[in-house]
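One chain follows as C-alpha cells, the form predicted on its own.
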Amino acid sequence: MNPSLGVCYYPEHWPEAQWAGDAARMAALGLTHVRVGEFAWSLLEPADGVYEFDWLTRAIDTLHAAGLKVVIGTPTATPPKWLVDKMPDMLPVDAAGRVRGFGSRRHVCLSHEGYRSECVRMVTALAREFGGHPGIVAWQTDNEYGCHDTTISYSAAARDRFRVWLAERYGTIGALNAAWGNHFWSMTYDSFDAVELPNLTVTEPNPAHVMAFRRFASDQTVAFNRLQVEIIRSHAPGRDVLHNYMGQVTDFDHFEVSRDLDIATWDAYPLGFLEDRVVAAPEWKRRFSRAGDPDFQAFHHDLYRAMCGGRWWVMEQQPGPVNWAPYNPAPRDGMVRLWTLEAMAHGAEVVSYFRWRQAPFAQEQMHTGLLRPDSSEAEGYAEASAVMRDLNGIDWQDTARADVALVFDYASCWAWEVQPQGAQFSYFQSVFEAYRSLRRLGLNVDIVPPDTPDLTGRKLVMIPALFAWNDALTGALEDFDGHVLLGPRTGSKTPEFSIPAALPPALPPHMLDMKVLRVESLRPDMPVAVEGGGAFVGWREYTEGGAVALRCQDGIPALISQGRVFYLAGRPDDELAGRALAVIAEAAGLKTCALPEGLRVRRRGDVTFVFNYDDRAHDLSVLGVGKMLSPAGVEVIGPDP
C-alpha cells in the first residue's frame, strides 16, 4: 500500500464559508487525512456542562464530503479557563515550587483526580457524539504528552498520589527504606505519608527516591492516556487510536503508552530540532541549518516504528520556518519533499503537514503552513505537490527486519539525568551517537525496547549506557548468536539505583567475565587517545578481565571482548566509534559502506533510498551509482546495488 499525505486543520480559526473550499483544495492537492479538534475544548464546552458540538459536526461533514479521512483529537491539552477557575489546584507546579498558570497550554497536573474526572466526562461526551461518524478514521488522545516539561509536576495532588504509588510498589515502608538505602544520611521514613516529593532539598536528594518519582510520573501519563483510550474504544469501535509524540522527549515511557494504541505518531520539526535539541558544534549546525541533522529525524522514525507493531505516522511535518526555536531559518528548496520521502522510506503510513494555513494571530502566527494567511500557496504546498508526483513512481515494498538492533530504554534516560556523574553525560546522546555511527556505515537500524527485545535474525545488537538489566533482555542475549556491543555504564546499577554487588556490567561470567573497577567523567579538554586513532571524550572506565581488543595510549583497555560480546569502556568520539563499529560489523558479516557526511540511505525491501542533507552535491559511486546527487536530492535505487 502506498503511503499517504495529510494535514492539520483548525476550522475554528476560519470563517465557515471557507471550509468547503479548503476541503476541496486539500483533496485536489492529493491529501487524504485531516486532523482536527485537539485544542478546541473551550469552543466545544464554552461553559461547564454546556456542549456545542454542532460546529465541529459541520466541519467534519464538510471534510468527509470532499473524500477526506478525519482524525479527531481529544482537547485535553487545553482545558478552558472556567475549568481552571473551578479547581485551581489542577495546575502543575514546577521543581522550584511555582505554580504554572493558565495562558498557554498543557496547564495540567496529570495526577489531579478532579482533572482526570473532567477529562473522562469530556472525552465520553465527544466519543458518544462522534464515535460512529463515517468520516472519522482515527482518534488522537490529547496532544504531545510531555511538551513544555509538563510530565513531571510537584503539586500536592502529585505528592498524594505518589505516596499511594509507593505503597503499591513496595508494600511496606521497611521495604522502601531498604531498597533506597535510607539509613544513609538518616533518611529513614516511618510511613508512606512521611515521604515528600524529591524537590526543594538542601542538596542532591536520594537518587533512588528521584528515580521512583520519575517512574511514577511516567506511570501517570500511561494511566491518563489509558483512560481516554478505553472510552474511545467503547464508543468508536473499529477506529484507530493514536497519540502524537515529540522529538527527544523522554520524560515518560513511550513504549508503555503505545501498548494501548494502534498507531504511534510523532511531530517532526527538523530545523527547529537542530537549533533547539541537537548537541553539535556551531559549524555542524551552520552546515545543516537549512536541512536539519542528517540522523535526528531518522532516529525518531525508527524509534516510533518500534511501537504499535510497526504502525506509525508523522502527525506534524514541518513545512517551512517554525516559530519556537532559537533561530528559525527557511528549509532549503526540496527539503520538505526529502523529509517526507525519508519518513515513508522508514515505513510511515501517513505524513501529515502542520498546518494547512498559517494563523495570523496568537502564539503560532510565525509558524508557516502549506498556505499563507491570505490563502496563497506557500513553498511547502509545492513540495507536497512534488511528493504526490513521486508516490506512484516508487515501489513501496515492506519494511524488512534490520540486521542491526539498537536498544533504547526510557528508564536509562531518567537514571542518568538523576545522577549523570558528569556535565556532558546524556543517555539520549549516547544512544543517538551510536545510531549516527551505524547510519554513517549505510546500515538499516531497528530500535527495540529493553523489556521485549526481539533479536531473532539479527547480526548485531548495540546496548549503550543501559541503566539496569532485566530478565527479558539478559535472556534474549543468552539465546542470541550474533555480535553484541555494550557501551559504557551498561549494567552499572540495579533497578533500585545501587551499584551491583558483583560490579558492572553485571552480566553472567559465561557471557562477559569482566568488571568495571572505577569510572571518571572528563572535562571537554581532556580526551583520552586510543591507539590507532580516536579517543574517549567525557567518560572513561577502568576495567579488569576479558580480552583487550583496543587500548588507550596510556595502556588502559578501551575495547574488551569475550567471544561475540564486546564492551566499549568509554564514550567514543566519531573516529573511534567508526573504527570499533567497522571491525565488529565486519566480524558480524554486515555489508557496510563509508558514506560521505550528510549522505544517508535507507533500504525498504530491495529498494534503496538515498538522501542528501548536505549543502553540497555528492557522488553516489560509493553506492555503485554513477551520478551526483544535489543538495536536498533524493535518489531511489532498485534493486539493492
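One rule holds for the numbers: they count along the sequence shown, beginning at 1. In this text the structure is predicted, and so the values were computed from the model without any measurement.
In what follows, reference is made to the form predicted in complex with a small molecule, a form of this protein that is not presented.
The contact residue chosen from 412, 244, 225, 153 relative to the small molecule in the predicted bound form is 244, the criterion being a non-hydrogen atom within 4.5 angstroms.
Proximity to the small molecule in the predicted bound form, defined as a heavy atom within 4.5 Å, singles out one entry of 162, 339, 296, 354, which is 354.
Per the 4.5 Å heavy atom criterion, the small molecule in the predicted bound form is contacted by stretch 138-146, the sole one of 116-124, 178-186, 85-93, 138-146. The small molecule in the predicted bound form is approached by residue 367, whose closest heavy atom lies within 4.5 angstroms of it. In the predicted bound form, residue 551 stays away from the small molecule, with no heavy atom inside 4.5 Å. When the small molecule is considered in the predicted bound form, residue 566 lies well away from it, no heavy atom lying within 4.5 Å. For residue 269, a non-hydrogen atom is located within 4.5 Å of the small molecule in the predicted bound form, even though that partner is not displayed.
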